[in-house]
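Here we start with a single chain on its own, the form predicted alone, put down as structure tokens.
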């Protein structure tokens, strides 16, 4: 069923059971005990940080992007100022500004329905990501990083002050939240700019209405699964939409923990609070969800076919290998797998890889669906150049095409691709990935031409 581009990576999961024995007498909790509660302070920045708030910039971002501005403000004496860097700014190695503002003491935000603020910019722009719920997982009371993350993408701001509302998907979950605010923004058309935020706080508006949650982007999907392979409900398809007082339908991306997932047959597939799918038996089940008691649009009918035929185990000497993803080798640090850019799936390494001593790229790929004559897979490599950062005018990239004649359904295909083959221009303003320009490899991209589901394993560079 070719209605969506998913690319999966195989991994092996070891499940263990921890048995805790507790000895001694048991005591009942007295009815007179008062359980600790967290502060309900809604303020984040009102002429200054609220009590307990911290500023933690992302690694690779412009560390001094944030400051307190006493000249430009919407109200009161000061505002939050954010200076987005230009491409190639040496103080922002990854070419962006971004940070979280946590309160690790925790706050009870269950009495509010939105994060609100006033904002303006030095020019019209769209902030890539902005929201709340990001805390790096450092709270002593939290065991899951960013458990209740909320993200508004591409928030459009102008040169005049305006109020913005980011609704809370389900406020009843936020009885102990650490992540008060976060953002990530890169240059606009290559140029940096400045934006300001003021009167940043949580509010009970009472006008956040008509919830319409969705999973799988609101689509009803069909897919195959295998008993020894766990999967993850794609977080880019988890959304909550509310109608605001302005009449705008505001959509935010919501972390899996806001949802209550359901499998119609738990003897076939079980689904965790974090959206992890664990096939346990042969058969068919349907995955659905609710959020705040409202049924989410979208579902996935999963057919579990038994055990999965794993990719061949690599036998090359690890001394001659730089591994991106493989159970057979030690892998280099990777920022993200399944990073989506315009329908493509990207693996991003951090730091960049010096593959100048390597001569081949190896990947194992597999698809279970039938191959049509026009189907193809494009594999691309992108090098960030000597500055090891996106932008700056020295990025190069090139790709090769695996055509339908080289693809086969239901079997692993092992590809050993000479790096010298990556000479074609990939577009997007990048010059060709010329032979030798591989000292700062940052991205490995799989772009599907008609293939909706691709499994990838054993991605590594090597030399013979």
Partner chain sequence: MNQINQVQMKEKMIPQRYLNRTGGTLSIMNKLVLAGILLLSFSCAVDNEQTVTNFTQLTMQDEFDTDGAPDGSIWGYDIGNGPNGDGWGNQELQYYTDRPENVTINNGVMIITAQEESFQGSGYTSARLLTKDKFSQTYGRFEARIRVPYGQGIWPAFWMLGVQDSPTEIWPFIGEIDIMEMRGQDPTKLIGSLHGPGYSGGEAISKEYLLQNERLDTGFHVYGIEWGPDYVNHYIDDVLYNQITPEDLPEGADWVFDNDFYILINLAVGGSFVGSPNAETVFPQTMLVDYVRVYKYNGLN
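All values reported here derive from a predicted model rather than from experimental measurement. Numbering follows the first chain given and starts at 1.
We do not show the form predicted in complex with its partner chain, though everything after this point is about it.
Interface membership of residue 90, defined by any non-hydrogen atom within 4.5 Å of its partner chain in the model of the complex, is ruled out. The closest non-hydrogen atom of residue 158 lies beyond 4.5 Å of its partner chain in the model of the complex.
In the model of the complex, none of the heavy atoms of residue 374 sits within 4.5 Å of a heavy atom of its partner chain.
Residue contact check for residue 77: none of its heavy atoms lie within 4.5 Å of its partner chain in the model of the complex. Residues of just one listed stretch (171-179, 306-314, 82-90, 236-244) have heavy atoms within 4.5 Å of its partner chain in the model of the complex: 236-244.
Only one of the listed residues (120, 362, 212, 366) places a non-hydrogen atom within 4.5 angstroms of its partner chain in the model of the complex, and that residue is 212. For the options 205, 280, 124, 301, the residue carrying a heavy atom within 4.5 angstroms of its partner chain in the model of the complex is 205.
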